[in-house]
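Just the one chain here, the form predicted on its own, laid out as structure tokens.
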Amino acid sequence: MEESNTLTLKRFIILAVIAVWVVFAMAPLVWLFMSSLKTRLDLFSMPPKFIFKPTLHGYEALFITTYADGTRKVSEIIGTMFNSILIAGMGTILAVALGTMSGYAASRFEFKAKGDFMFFVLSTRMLPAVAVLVSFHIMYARLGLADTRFGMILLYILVNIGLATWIMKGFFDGVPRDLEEVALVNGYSRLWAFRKLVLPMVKGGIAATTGFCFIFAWNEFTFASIITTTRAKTLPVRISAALGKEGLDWAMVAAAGILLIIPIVVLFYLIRKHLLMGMTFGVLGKKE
């Protein structure tokens, strides 16, 4: 009886700690959502208002631009949203595809200066964006890639491919080589073994890598703010210029923040079944 009470107390404490942590982690998102529904007066009230009359002004200002003469026009947010979806989506898909192939090659084959090559691949993620920003800006201007969707997709591939390679190498290291060797002995090609045997076993890794790469590409601001101006402007850049008639429209900024979060939530909801396995598979495979 005493042991049962002890277990119940431990379980209660664990659940209480988890509940506190969830509230702590979710508080900024709740506050952001509440701010998107507030008027300017409610936003700056002291003490802060938790009970207020909600308004959709922030979302309306995000999608509809009202001019001084009273005319209303659909905001450029639609175009920038399309740019963000296209650029982040294509950049993520191609980076993960190339990173998966290079990660498999790094896991299965030995070649000269392999360690130096892998360190070079990893080093592409070490430099802060501001360290190479001027170089990229000059290079893109001379190549005619500035303010183009293709140029931004190429940039996000270059930035994400190193991360994708290292993550996928860890997952491929966790897959026994015996499976491929059996297939090769039975006359199948390495490409067939890669597609039919190995890839299905690292679906979780691909899903997790896709999530990490998409988050970076979707939220990236530094490169996009310098390299793009009009045609290829992304959503974070557009949000940074959310100026209304009375200065910075914080309700619009909060509404845009909610808009930025939605695609991430949808993506991770779709890959939720693979995510936990994908984040632990490489480690578990090595221990075995």
Partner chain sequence: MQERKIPRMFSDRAVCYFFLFPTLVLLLFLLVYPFLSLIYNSFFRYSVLRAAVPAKFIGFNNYLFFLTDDYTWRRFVFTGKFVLLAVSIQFFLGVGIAYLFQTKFKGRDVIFTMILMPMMLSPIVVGLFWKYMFNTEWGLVNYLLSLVGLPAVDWLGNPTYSLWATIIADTWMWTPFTILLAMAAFSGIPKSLYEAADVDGASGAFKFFNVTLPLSAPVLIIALLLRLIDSFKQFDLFYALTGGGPGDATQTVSFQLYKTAFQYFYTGEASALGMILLIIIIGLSSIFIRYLTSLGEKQSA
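Between two forms, the rigid core is the largest collection of C-alphas that superpose within 1.5 Å. A quick note: this is a predicted structure, and the numbers were derived from the prediction, not measured. Numbering follows the first chain given and starts at 1.
What follows is about the form predicted together with the partner chain, which we do not show.
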Item to check | the partner chain contact in the predicted bound form: L260, any heavy atom under 4.5 Å | outcome: yes
Item to check | is_contact(F120, the partner chain) in the predicted bound form, heavy atom dist at most 4.5 Å | outcome: yes
Checklist entry - Would F44 sit within 4.5 Å of the partner chain in the predicted bound form, counting heavy atoms only? => result yes
Checklist entry - Taking heavy atoms only, is I18 within 4.5 angstroms of the partner chain in the predicted bound form? => result yes
Next on the checklist: Given a 4.5 Å distance limit between heavy atoms, list every residue of 18-35 close to the partner chain in the predicted bound form, or none if there are none.
Outcome noted: I18, W21, V22, F24, A25, M26, P28, L29, W31, L32, S35
Checklist entry - Superposing on the rigid core, is the CA of M26 displaced by 2 Å or more between the shown form and the other one? => result yes
